[in-house]
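A single chain comes next, written as structure tokens; it is the form predicted on its own.
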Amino acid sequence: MKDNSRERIHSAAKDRLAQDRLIVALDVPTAAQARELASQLSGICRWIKVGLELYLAAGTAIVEELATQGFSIFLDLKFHDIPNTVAGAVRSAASMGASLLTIHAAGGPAMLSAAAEAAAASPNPPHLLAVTVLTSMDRQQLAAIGIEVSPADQVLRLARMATASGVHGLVCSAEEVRLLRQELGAAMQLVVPGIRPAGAEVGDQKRIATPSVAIRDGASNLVVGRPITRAGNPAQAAQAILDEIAGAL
């Protein structure tokens, strides 16, 4: 009986850890669709990502509404502007209740430092994530914008710069997460989009992985959108991914 009790406790702990790891991307065009999905995922998922599509359709109100419902909010607007403008945007985002916030590492050291200082000075500081190389980009796409190195080399360069500028979280693809974990250590938060369960459609993503592979390679959090939000049963799809994450922990 004691062994069964320990197994149940261990299993419950892994389930809670899995909930901390999964971020569901509500990349939908209306507040009504976001509310419907949030309702279906309530009690199953903890983290919700609000990106450009939903934010431009529904504004600050949807961020505050989802936070009030108990979700932790990842506001993925990928700020990239002059340092003063980005610092102001970080302060505004912090006031909405966002827990995670993205900025582009390509904005450079001055912008990254200004963002980090603005976040730290906020009453409820969001955790900043520097976006390295988008998961839709491969070597050919990088070459088209004048970057003649591999995605992994560019990711590592931007990651080191972000860390030196006071940003201690990164967005990277699953192809680079093992390298970054080895280079930057256990404390760095590595958030990985482009996650596709085995057999799922790839869509416009180029550098992808399954949930279990990304977790085993060192990902802190996984961002999953269409495999959940476009599933016939989003709650069931989310639970299947949570189970896979738990199995990989």
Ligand code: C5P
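Because the structure is a prediction, the values reported are computed rather than measured. Throughout, we count residues from 1 along the sequence that is shown.
One more form of this protein exists, namely the form predicted together with the named molecule; it is left out here, but the text below deals with it.
**Student:** Residue 76: heavy atom within 4.5 Å of the named molecule in the predicted bound form?
**Tutor:** Result yes; residue 76 sits at the interface with the named molecule in the predicted bound form.
**Student:** Should residue 46 be counted as a contact of the named molecule in the predicted bound form, where contact means heavy atoms within 4.5 Å?
**Tutor:** Taking the distances in the predicted bound form, the answer for residue 46 is no, it never comes within 4.5 Å of the named molecule.
**Student:** Does residue 27 reach the named molecule in the predicted bound form if we count a contact as any heavy atom within 4.5 Å?
**Tutor:** Taking the distances in the predicted bound form, the answer for residue 27 is yes, it comes within 4.5 Å of the named molecule.
**Student:** Using heavy atoms and a 4.5 Å limit, would one call residue 66 a contact residue for the named molecule in the predicted bound form?
**Tutor:** So residue 66 does not count as contacting the named molecule.
**Student:** Which is the contacting stretch out of 210-218, 189-197, 54-62, 38-46, given heavy atoms within 4.5 Å of the named molecule in the predicted bound form?
**Tutor:** Heavy atoms within 4.5 Å of the named molecule in the predicted bound form occur in 189-197.
**Student:** Can you work out which of 101, 177, 171, 87 has a heavy atom no more than 4.5 Å from the named molecule in the predicted bound form?
**Tutor:** None of the others qualify; the residue that does is 171.
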